[in-house]
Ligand SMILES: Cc1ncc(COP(=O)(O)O)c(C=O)c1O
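Coming up is one lone chain in C-alpha cells, specifically the form predicted on its own.
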C-alpha cells in the first residue's frame, strides 16, 4: 500500500508519477525476467496445446457474417443463449439470454460484478487465504473490506471456521478447481458448504470462479456451485479449457435478472461491448463441441502431473496432489526460507533456466506454483531441481 503524505497530496500529476512506484504483479515480474533460453512453467495458459479447429473455423467464418460489427452491450445473443443452456445442464434452472453478461475474460467478469455489488451496498468480501491476487485487488479498488477465510492443510475450505466468520450480507469468492493449488471441491463438500450458506448468507452472494471447471483429470467431474446454492453468481470463460487465452471471452450468469442488468450497465462503461468475432469462436466450446479436445488436454495434464510429483517427493519437497486446473503448489521453505521470490527471479534469469511462480503472488510466500501446461515438463523440472539443489 502506498502511504499518502500531506506532501504527496500537494504534488501535481507529473511529480507524483516521478515519485511513485507502480510494481508489476509477481507473476508478470518473474515471467518478464525469463532468459531467452528458459522454459516457462509459469503463465496460466495452455500455450503449447493446439486449440480445437472448430474454434478457429467459427472465428474466421464470423468475419463474413457479422463478426466485425458491434454486438449488444451484454454480448452476442447466440453465445449468451449457449451459456444459458449449458448452465441449465449444470443446475436445472431455466436461464434466458438476459441472465448472461459476456465479458472480456473472467477478470473483467469479476471486476464488473464486484463494482456492481459495491454500488449496491456490499461492504465485505471474503476470499480464500491462498488466492489469485485479483480477488483481493479488485474489491479494494472499490473500498470494500477484504478478509481471507481459512483453508485446510489439503487446501479445502475449513467450513466450520467459515461458518463462524461469515455474515449475512458478505460477498464470498469461491474458486474450484483452484488457482494456484489445483484443489477441487467435492460434491459432498459443495453440499456441506451450501448448507452453511443457506443459513448464514441470506443477503449476500457467492461469486463462483469456475474458469477451470472442465480441466479435471482425477475424481468427480465438476458441478457448478449454482446447483447447490441459489445466490451464486457464476463467472466462467473459454481461456483455459479452449486453449485460447488471447481471445479473452468470459461471462457472468446470475438468476437475478435485475443484477444482470446492473452488471451490463456497469460493464458497458468499461468495455462498451465485447469483441464480436471472439464470441462466435467461443460458441463451440460452450456447446461442448470441443469436448474431445478438452479430454485430450486433461490426459496430458495428468501425465505431466505424474511426472512432477515423484521428482518433488524424491527431493522432499512438500506438495498436495492436484486433481484439477493445471497447477501444482509446492512448498520450498526448507530450501529458500519463508520467501521463494528471489529464488524464482534468479532461476528465471539464468541461462537455460526455468520459470516458476513465487507463492507471494497468492498469499503463501514460501511456496511456488508450477504450471503443468507445457510440452517440456521433464526438461523444465530437471532445470528446476538443478537450480534448487544448487542454491
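The structure presented is a predicted model; accordingly, all values stated were derived computationally and were not measured. Numbering follows the first chain given and starts at 1.
Not on display, but discussed next: the form predicted in complex with the ligand.
- With the partner removed from view, the residue among 287, 248, 200, 124 that has a non-hydrogen atom within 4.5 Å of the ligand in the predicted bound form turns out to be 248.
- Contact with the ligand in the predicted bound form, defined as a heavy atom within 4.5 Å, holds for exactly one of 304, 99, 175, 224, namely 175.
- Residues 317, 340 and 384 are none of them found to lie within 4.5 Å of the ligand in the predicted bound form, as judged by heavy atom distances.
- By the criterion of a heavy atom within 4.5 Å, residue 135 is counted among the residues contacting the ligand in the predicted bound form.
- By the criterion of a heavy atom within 4.5 Å, residue 139 is excluded from the residues contacting the ligand in the predicted bound form.
- Although the partner is absent here, residue 240 sits close enough that one of its heavy atoms falls within 4.5 Å of the ligand in the predicted bound form.
- With a 4.5 Å cutoff on heavy atoms, residue 293 does not count as touching the ligand in the predicted bound form; it lies far away.
- Residues placing heavy atoms within 4.5 Å of the ligand in the predicted bound form fall in a single listed stretch, namely 105 to 113, out of 105 to 113, 80 to 88, 160 to 168, 256 to 264.
- Within 4.5 angstroms of the ligand in the predicted bound form, the stretch 200 to 224 places a non-hydrogen atom from each of 209, 211, 212, taken in sequence order.
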